[in-house]
Structures are given as C-alpha cells and as structure tokens.
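Next up is one chain by itself, shown in structure tokens, the form predicted on its own.
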C-alpha cells in the first residue's frame, strides 16, 4: 500500500537592514571594506564594552513587521543566545527571543496565505573564510543589523518556498529596508523541512538546511532533501533531527551537526540593553507611510488599465522600472506604455537614458500617425544613445511622418505605373503582391509616408482596377 507523503516547509529569513552603522555600535556596514577594519571593542565583544541600540535599525525592522501584517509588541526586549563559533567574538549573539518586535503576521502570495510566526531584531556574526588549509575570520560582519523573519510551516513544496521568498524579497525591496543582495549575504535563508503521512506530528523529523543564498539553491536543496527523506521513510529508517548544508557542486545536502534545540542556546535577558518601548502613535505612523505593495500594484494595473499579467510581472520586478512605467502610463495609453517598455527597455538599467515624458511623447506620436512604429523605435534607440529628446531627433533626421493624402496618392500612382507586372500578379489573385508595392511606396517616401494611408490607398486603387479593368 503506497503512502501519500506531505512536505512541510518553514523558512527563516535573515535580512541585513539598510543602515550605515552596526546595530549596537557606530562601526560602518560597508561590505567592500578590507577585512577586520570595521570593528571596535563593542562588536568585538571586549569586556566592559556596552551596546547602544541603532534607532534606524528599529524603524526599518518595524516597517517590515507592519508590512507583514504582524501584531507589534510596543514593549519588546533583547536576549542573549549563547553558542561558541570562532566567528562569534562575544560567545553569544544579541537577539530577541522572549518578546520579539512583531508576531502572528501573514504574507499572501497568490492564493497562498503564509503565516509569519515572528519578526525580530538581532546582530550578525562574523564571517569564516576557508582558504585551503587555513581558516580566516573577518569580523566586519559582527554586529551588522539583521531582522529575522520566521514563517509558520505553511509551505508545501520546494517551488512554493522559492516563489514565496522571491515575492517576499520584492516586497522588502519596495519597502526600502534592505538591498536584499543575496550574493553579498544581505538576504540569507534557512529552511526547515519534514515529511509526513498526515498522521505524524509536524516537525518530528525536521531537518534544517542552512544558508541557502539563491532562489535556485532554495528550490534544489529542498527538492533533494524532500526526496532523501521520502527514500529513508520508504526504507523504514528514522530521519534524524539535524542541520545540513547544501553542496552546490554535487547538488546534495550534507550533515553539518545535530540540530540544536532552544534549550541548547541557554537564552536569558540581555542585561546591558533596556526594554525597547515604541512611542505612542509610531506604529500607526509607520503603517501610514508604507508604499503600495507590489502585489497590490499589479492588481491595480490589471484592474484599472487592463495590463496583461505577463507584462505586469516584468514591470513590477524592479521598483525603478515599475515607477517609470507608472509615470509613462499617465502620459500615454497605459497598455501601449507597458508594451513599449517590455519590448524595448526591459534589458536596460532603470531609470534609462530617457524620461517617462520622452517615451510618452514617442508613443503618442506613433498613435497620432506622425511616426511609424518602426521609426518610433529608431527614435527611442537614438534617445537612449545620445540623450537627445525625441523632438530634436525627429527634426534633425527629418523623420516626421507624412499623412497628406494628395502626396501619398501621387506616390501610389507612380508605384502602380512603374510596376505593371506586379500589378498584374495582384489582379490575377496573388494578394501578397501588394506588400511589394507598398514597400516601394515607402521607399520612395524615404519611410516618411503614413503606412496605414499607403496601404488603404494602394488597396483601393488595385481593387478599382480589378473591378473596372
């Protein structure tokens, strides 16, 4: 009898906050600084040094907790998490365990509502660097301000976990609380995964995967671990509660250590920091100051402007691109603005070397028949290359589209007179011959004739010849 296995996944996301100094001292958070230059007695844990809380870190963390629909503790506190690694100079980490900043929130991704168990502040450890047989320690990261976001075990597949983290990262970028640079460690993710037949207690066989630093790594590591646990279960073996790493070369997880329990960390209140008390009205002020969330923005575009979902996904993926589109869509038809950006600007850094006003001008000229679509794209390209505005480029190139019917009629008559063989082909039923004739007319006008008018007049005159010989 086969069993139907259920996958249960919860994430722990560590996010570096966008501050210029560390969470408990004034040392710089500059990622590019030489090793062990951004340190002081406080972040190195010297005896007698006293931490002082970074106010901006608190405000950024609060912004994240409110955006994730968390309940907020107006009085939260800091605690010591005790463990011993070479890159943890104090021998403990200052974090929030007993009374976190935010709790019992949620984040909606599509149809899936994922619970947010807690959002809390903490400091980062240093960085261990393995250099051949030598091990080096860089303490620049020690004391970097982090916010940890812990989800409920509501995710049921590796792909869902990846998509959740991708959407969460986008929200955090829009909030401006972190640069979310996974390559530099600004956003790191641990995942807890277990397999159940539905009758087992969730988390009984929980395995933790540490430091997954890309969306691809998250999906692949969870998929591997899911299959590994299923194979063990089918073979009648117990799954040990353990912490595992992800080998990107071998594409498999490997044992790091047995999984610690909270009791192993011997949490106790941090004696050198007072209770964090939020001022009356601060939470409401932060809530009022939140920007429109990416998912809400996409829905508004689809509802009000009828933008295709495929286009909204592209536009929303960068905040600067989304802002550029929003401004352009108020100056030109939104659906056309979306199409032009998706087709012509998606590979450019935003903001590009053209303003929303200039792109809107090009789109409106094409709509009005002053430029053909292809000529409009030429103008756009030259704007990007030269920095000149569309009006100046069109004037310099002499690219204003001609829509004068008398002028275009003369062009059409000339083309028909000079190409009698092609005209005969059309009259004998070869309808595609009209394309050659139109091309000749556009060539004679040096691309300036309104192609729609050329087509209409050419078709009308050919049909007259067909009907009246």
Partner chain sequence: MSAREILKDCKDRLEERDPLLKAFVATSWKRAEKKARSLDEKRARGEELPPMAGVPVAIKDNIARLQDTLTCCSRFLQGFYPGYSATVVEKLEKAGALIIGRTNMDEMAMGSTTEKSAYFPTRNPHDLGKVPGGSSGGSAAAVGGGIVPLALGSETGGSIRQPASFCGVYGLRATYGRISRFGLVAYASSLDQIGPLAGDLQDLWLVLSQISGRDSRDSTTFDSEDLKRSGDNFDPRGLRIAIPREYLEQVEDEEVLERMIEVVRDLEQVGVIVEEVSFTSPGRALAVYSVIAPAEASSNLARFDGIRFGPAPEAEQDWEAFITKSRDEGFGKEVKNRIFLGTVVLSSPYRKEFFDRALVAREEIREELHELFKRFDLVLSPATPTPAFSLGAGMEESLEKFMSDILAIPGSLAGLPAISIPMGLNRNGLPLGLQLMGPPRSEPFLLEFSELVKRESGYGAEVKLEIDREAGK
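Numbering follows the first chain given and starts at 1. Keep in mind it's a predicted model, so treat the numbers as computed, not measured.
This next part talks about the form predicted in complex with the partner chain, which is not shown.
Enquirer: Using heavy atoms and a 4.5 Å cut-off, decide whether 12, 64 and 277 all contact the partner chain in the predicted bound form.
Expert: Not a single residue of the candidate spot has a heavy atom within 4.5 Å of the partner chain in the predicted bound form.
Enquirer: Considering non-hydrogen atoms and a 4.5 Å limit, which listed residue (82, 395, 248, 318) is close to the partner chain in the predicted bound form?
Expert: Checking each option against the partner chain in the predicted bound form, the one that comes within 4.5 Å is 82.
Enquirer: Just to confirm, with a 4.5 Å cut-off on non-hydrogen atoms, which of 292, 152, 264, 336 contacts the partner chain in the predicted bound form?
Expert: For this set of options, the contacting one is 264.
Enquirer: Considering non-hydrogen atoms and a 4.5 Å limit, does the partner chain approach residue 307 in the predicted bound form?
Expert: Contact check for residue 307: no, nothing within 4.5 Å of the partner chain in the predicted bound form.
Enquirer: Would residue 89 count as touching the partner chain in the predicted bound form under a 4.5 Å heavy atom rule?
Expert: Within the cut-off, so yes.
Enquirer: Is residue 272 a contact residue for the partner chain in the predicted bound form, using a 4.5 Å heavy atom cut-off?
Expert: Because a heavy atom of residue 272 falls inside 4.5 Å of the partner chain in the predicted bound form, the answer is yes.
Enquirer: So in the predicted bound form, does any heavy atom of residue 52 sit within 4.5 Å of the partner chain?
Expert: Judged by the heavy-atom cut-off of 4.5 Å, residue 52 is in contact with the partner chain in the predicted bound form.
Enquirer: Just one of 35-43, 56-64, 404-412, 418-426 has residues with a heavy atom within 4.5 Å of the partner chain in the predicted bound form, so point it out.
Expert: Stretch with heavy atoms near the partner: 35-43.
Enquirer: Within 95-127, which residues come within 4.5 Å of the partner chain in the predicted bound form, counting heavy atoms only?
Expert: Stretch hits: a single one, 98.
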